[in-house]
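Consider the single chain below, provided in structure tokens and representing the form predicted alone.
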Amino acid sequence: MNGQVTAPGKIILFGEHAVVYGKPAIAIPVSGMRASAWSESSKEGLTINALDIGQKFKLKDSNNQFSVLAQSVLAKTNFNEPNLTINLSSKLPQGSGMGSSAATATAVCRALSKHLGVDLEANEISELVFDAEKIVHGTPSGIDNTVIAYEMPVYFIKGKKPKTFEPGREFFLIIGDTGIEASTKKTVSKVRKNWQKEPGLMDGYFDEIERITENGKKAIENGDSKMVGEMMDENHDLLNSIGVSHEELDKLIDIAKDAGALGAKLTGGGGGGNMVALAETKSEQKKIYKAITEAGYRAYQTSFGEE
């Protein structure tokens, strides 16, 4: 058995929905929740064993991202198919906007290149994962593979190359799960309808979100957690205004704020799904996590920035 490799999940911290209309967004790696892969030798060729879904993929399969990715890694490194099983497992809930698909693909990419003794750079891994996701998901934004391969915050505008940037300190986050499966497609089309009805009003909201995202980026770089928290609150109010929050999300946000969060907002598509709260310190983070779980919700603690 070969040593384990991992890749983090991601969440959007600022700018969701507005990003569809050409505004910037910021995504961050979720270091506390990861996908892992480890390899062991096998008798016949390469198999990717996705333990969480109980499925095995062979190298020849062309309809799943893992096989496509493995084919690309072998082509790029000029290796023949190894006799290898790559086991894959993930702590990231699927379909929750946390980059589960890109994280598992990145872990597979790292495990295979490690076995081959090839050291791929973050940008190479990011591109390989992006190409594999393209085949399977049509038009991914490029945000997930970039955040996850570099394990750094990413500033992103649709159609442009995502840019990584350095946080000025460690930021402590709590992710709270409403337990409500939300369809991003649905919330995106709801926003589209509102925008078609009242383009002037909605563009005004998107401009405000853009200002918040820019200020949020500066605050992250300056290590100013109070400012980041304020921007999160403002961003959430605007997401409420464009109609993508949910009473359970607002309830979670109230719980987090009452427990001392510096700021809290929905993350991702909205309409259910997850919210994210910011704590000043590790012990504050614990307190907020406890308040959310004691209220009967699932929560996760994570951080980004300097370890």
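So that the term is clear: the rigid core is the largest set of C-alpha atoms that superpose within 1.5 Å between two forms. Everything numeric in this text was worked out from a predicted model, so none of it was measured. Numbers for residues come from their place in the sequence shown, where the first is 1.
Note that the form predicted together with a small molecule isn't included here; everything after this is about it.
Closest heavy atom of residue 143 to the small molecule in the predicted complex, within 4.5 Å or not?
Residue 143 belongs to the contact set for the small molecule.
Answer yes if any heavy atom of residue 19 is within 4.5 Å of a heavy atom of the small molecule in the predicted complex; otherwise answer no.
Looking in the predicted complex, residue contacts with the small molecule include residue 19, since a heavy atom lies within 4.5 Å.
Do residue 272 and the small molecule share at least one heavy atom pair within 4.5 Å in the predicted complex?
Because no heavy atom of residue 272 falls inside 4.5 Å of the small molecule in the predicted complex, the answer is no.
Contact with the small molecule in the predicted complex for residue 118, defined as at least one heavy atom pair within 4.5 Å: yes or no?
Result no; residue 118 lies far from the small molecule in the predicted complex.
Counting non-hydrogen atoms within 4.5 angstroms of the small molecule in the predicted complex, say which of 188, 74, 152, 227 makes the cut.
Exactly one residue meets the criterion: 188.
Though the small molecule is not shown, can you say which of 164, 215, 184, 194 has a heavy atom within 4.5 Å of it in the predicted complex?
Exactly one listed residue reaches within 4.5 Å, namely 184.
Tell me which of 216-224, 105-113, 169-177, 143-151 has residues with heavy atoms within 4.5 angstroms of the small molecule in the predicted complex?
Heavy atoms within 4.5 Å of the small molecule in the predicted complex occur in 143-151.
Superpose on the rigid core, then tell me if the C-alpha of residue 155 is displaced by 2 angstroms or more between the shown form and the other one.
No, residue 155 moves less than 2 Å.
When the two forms are laid on each other by their rigid core, does residue 143 show a Cα shift of 2 Å or more between the shown form and the other one?
Residue 143: C-alpha displaced by 2 Å or more between the shown form and the other one.
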